[in-house]
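Below you'll find only one chain, the form predicted alone, shown as structure tokens.
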């Protein structure tokens, strides 16, 4: 192993260790607001006084049990950690505002429940997808609940009217965006558009809305609480969004070279007919025969391993994996350059840079 690769490996291990350590902290914060087991006084806090009588037992079984099943399976918790790093970097009082990590993580996991339903996925983090384990009706409602329940945290924040307005506007705007991103992704894998007509810019905007939106929200929360200008809030949000896009590109790469590392089925993206940066690149360079065959397999939504491997071999033939890796690295590098001067020079700035690099170097 050369010196560059050695230090890269060491840095990745450091970030992985910090993510694991911070996951325990983040989960303890989540539990303080959304506990595993609820009682009537908790529901009164969450939803207000009853007109009649809550069915506590059923709410426990249909919302909190499946929610904590999913949360307990794993996940890197990097989006809430991003908020903590940025908040520390910008001098935000985390004794007052650390509960915002809960919003970011619950929104993310709620989106995973919806994503698995819409994609027809079987596995999530090494176990049955929530809609298969608990039922489609419970999963649909759970996903929506996880989008709205965290608003209770914002409603109780002790901030000025202007800061409160900016926080709520960021929340609402980015929740609209996440649905636009998901809608675009669904339309593509349902064949509502010829894959050859999809441009790289289309893919990047889909990712910005679908995967970039929650790190963007985490970053905007930190910037707003630090009372940065709307212009600098937007710049920091854009940087975090680019980390999310790079994360998605790397996820797509891992899916074709080792999906099991993500706790997913082999070649899941091929089965779902997903259009990725690798697909777009390949279709712009492949022979007519390879284009036709790749599109044909994607349209099949097949689970046949031989056909999935054939599609992956076409992607590899044109160097799409190497292209996607470089694209993700360049994207993060450029976005860092655009935001570096805004961030104070301290240890958290270096952690932020390391986290950004981790997103494009990770192998799981």
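Positions refer to the first chain, counted from 1. Here the structure is a predicted model, which means the values were calculated and not measured.
Unshown form predicted together with a further copy of the same chain; subsequent notes refer to it.
Colleague: From the list 29, 300, 43, 339, which entry has a heavy atom within 4.5 Å of a further copy of the same chain in the model of the complex?
Modeller: By the 4.5 Å heavy-atom cutoff, the listed residue in contact is 43.
Colleague: Work out which of 193, 128, 285, 96 lies within 4.5 Å of a further copy of the same chain in the model of the complex, going by heavy atoms.
Modeller: Exactly one listed residue reaches within 4.5 Å, namely 193.
Colleague: Can you work out whether residue 257 and a further copy of the same chain are in contact in the model of the complex, taking contact to mean some heavy atom pair no more than 4.5 Å apart?
Modeller: No, residue 257 sits far enough from a further copy of the same chain in the model of the complex that none of its heavy atoms falls within 4.5 Å.
Colleague: Using a 4.5 Å heavy atom cut-off, state whether residue 289 contacts a further copy of the same chain in the model of the complex.
Modeller: No.
Colleague: Residue 141: heavy atom within 4.5 Å of a further copy of the same chain in the model of the complex?
Modeller: Result yes; residue 141 sits at the interface with a further copy of the same chain in the model of the complex.
Colleague: Should residue 88 be classed as touching a further copy of the same chain in the model of the complex when contacts are defined as heavy atoms within 4.5 Å?
Modeller: Outside the cut-off, so no.
Colleague: Out of the stretches listed (266 to 274, 290 to 298, 179 to 187, 79 to 87), which one is close to a further copy of the same chain in the model of the complex, meaning heavy atoms within 4.5 Å?
Modeller: Comparing against a further copy of the same chain in the model of the complex, the contact stretch is 179 to 187.
Colleague: Using a 4.5 Å cut-off on any heavy atom, which residues of 52 to 69 would contact a further copy of the same chain in the model of the complex?
Modeller: Going through 52 to 69 in order - heavy atoms within 4.5 Å of a further copy of the same chain in the model of the complex - the hits are 52, 53, 54, 55, 57, 58, 59, 61, 62, 63.
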